[in-house]
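Taking the form predicted on its own, here's one chain by itself in structure tokens.
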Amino acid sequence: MPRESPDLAPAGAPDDEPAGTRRPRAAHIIGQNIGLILALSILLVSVVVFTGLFAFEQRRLPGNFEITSSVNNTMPLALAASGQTLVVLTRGIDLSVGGVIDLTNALAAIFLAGSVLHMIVVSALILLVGAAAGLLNGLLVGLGRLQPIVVTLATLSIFQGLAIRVLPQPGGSVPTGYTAVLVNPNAPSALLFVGLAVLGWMALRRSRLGVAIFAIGNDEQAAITLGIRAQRTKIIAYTLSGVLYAAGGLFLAASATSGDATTGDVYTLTSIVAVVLGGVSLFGGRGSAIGAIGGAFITTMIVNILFFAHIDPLYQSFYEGLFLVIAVVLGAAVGRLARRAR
């Protein structure tokens, strides 16, 4: 079973606690949160580097437009990375992310136009489509006992095919009012949704489902012995991940104000990059969606840095792959540090 999160422990040691016990407790807290600390540190460094390059090129600091654009561009990836986190924590990996975003993005571009009530109903139905896609993955992995990478690679092709069937050519239209609510171009109000995602993660982490997800990621057989229903937990985790991917598709459509059945493809790789940069262990049982969201912002900052460093866009995929390798190495190092802190 996973340890209790350190933020559930008392805020500080009692005054009469021996001084010698305080350092191990601090080391334990740091060890439990080392991935998140590393992610936030990398994010801070990337923001500083981007700010420096931007100031050098533009002779001014980034303003509201640059901040808003960065936040809005990151939202689909932040949601995709949050969903990927749920899967990775169960010792799985989801390659169908791009397909689900493709499908939901295409549906949004075609069916969103209408009254406010119509947009709300369509948005809810699109989230249900994402849930159904995740449920399919969960059933095949949980009940079918198939390898996640094989299952999600197959469903990726299925969802991509459906997306192209729904929207054969880029097009459609997303109402400006809908765009203003999700990705307001005049202010980084999308950060409110980031806050909601963080609060949702904190609630999940402390719930019975959250404990079960971490438990089966740490040791599935031990979790089953303790009465945790591993199959049901995996199914729910994949279903929730599908909902988050669909939300990412909605944000992508709102940001582009139209649809494209192929624009979601890049999120398969970048969601994994964001998860690993966020300190989530690819071996399951350790990590945080908060760190993954931080990893999403790091990925966006890397793209911005490459742009202002005048790196040819044709080489962007190369550098993203390079950063993924670096992230895996850092993740392994973080895992070792965390085990030493136990």
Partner chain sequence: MNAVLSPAALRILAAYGAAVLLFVLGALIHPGFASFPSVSAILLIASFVGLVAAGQCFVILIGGIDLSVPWVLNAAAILIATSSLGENSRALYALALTLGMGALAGLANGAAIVWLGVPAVVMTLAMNGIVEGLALGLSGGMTCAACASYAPPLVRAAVHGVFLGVPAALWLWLAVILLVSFVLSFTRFGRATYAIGNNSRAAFLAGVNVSLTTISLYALSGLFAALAGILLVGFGGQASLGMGAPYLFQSIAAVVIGGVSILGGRGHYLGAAAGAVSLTALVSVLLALNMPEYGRSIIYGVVILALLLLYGREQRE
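In this text the structure is predicted, and so the values were computed from the model without any measurement. We call the rigid core the largest set of C-alpha positions that still match within 1.5 Å between the two forms. Numbering follows the first chain given and starts at 1.
There is another form of the same protein, the form predicted in complex with the partner chain; it is not shown, and what comes next is about it.
Participant: Does every residue of Arg165, Val276 and Gly321 put a non-hydrogen atom within 4.5 angstroms of the partner chain in the model of the complex?
Facilitator: Checking in the model of the complex: Arg165, Val276 and Gly321 are all within 4.5 Å of the partner chain.
Participant: Select, from the options 118-126, 69-77, 100-108, 264-272, the stretch whose residues sit within 4.5 angstroms of the partner chain in the model of the complex by heavy atom distance.
Facilitator: It is 264-272 that comes within 4.5 Å of the partner.
Participant: Just to confirm, Ser41 within 4.5 Å of the partner chain in the model of the complex by heavy atoms?
Facilitator: Outside the cut-off, so no.
Participant: Spell out, yes or no, whether the shortest heavy atom distance between Asn64 and the partner chain in the model of the complex is within 4.5 Å.
Facilitator: Close contact is absent here: in the model of the complex, Asn64 is far from the partner chain, nothing within 4.5 Å, heavy atoms only.
Participant: Using 4.5 Å between non-hydrogen atoms, is Gln147 touching the partner chain in the model of the complex?
Facilitator: Output for Gln147 is yes: heavy atoms within 4.5 Å of the partner chain.
Participant: Is Ser255 close enough to the partner chain in the model of the complex to count, meaning some heavy atom within 4.5 Å?
Facilitator: So Ser255 does not count as contacting the partner chain.
Participant: From the list Leu140, Ala197, Leu240, Leu112, which entry has a heavy atom within 4.5 Å of the partner chain in the model of the complex?
Facilitator: The residue from Leu140, Ala197, Leu240, Leu112 that makes the contact is Leu140.
Participant: Of the residues Leu191, Ala187, Ala180, Ala154, which one places a heavy atom within 4.5 Å of the partner chain in the model of the complex?
Facilitator: Filtering the options by heavy-atom distance leaves Ala154.
Participant: Does any residue in 50-76 get within 4.5 Å of the partner chain in the model of the complex, counting heavy atoms only, and if so which ones?
Facilitator: Residues within 4.5 Å: none.
Participant: Using the rigid core as the reference frame, would you say Pro313 shifts its C-alpha by 2 Å or more between the shown form and the other one?
Facilitator: Yes: Pro313 shifts by at least 2 Å between the shown form and the other one.
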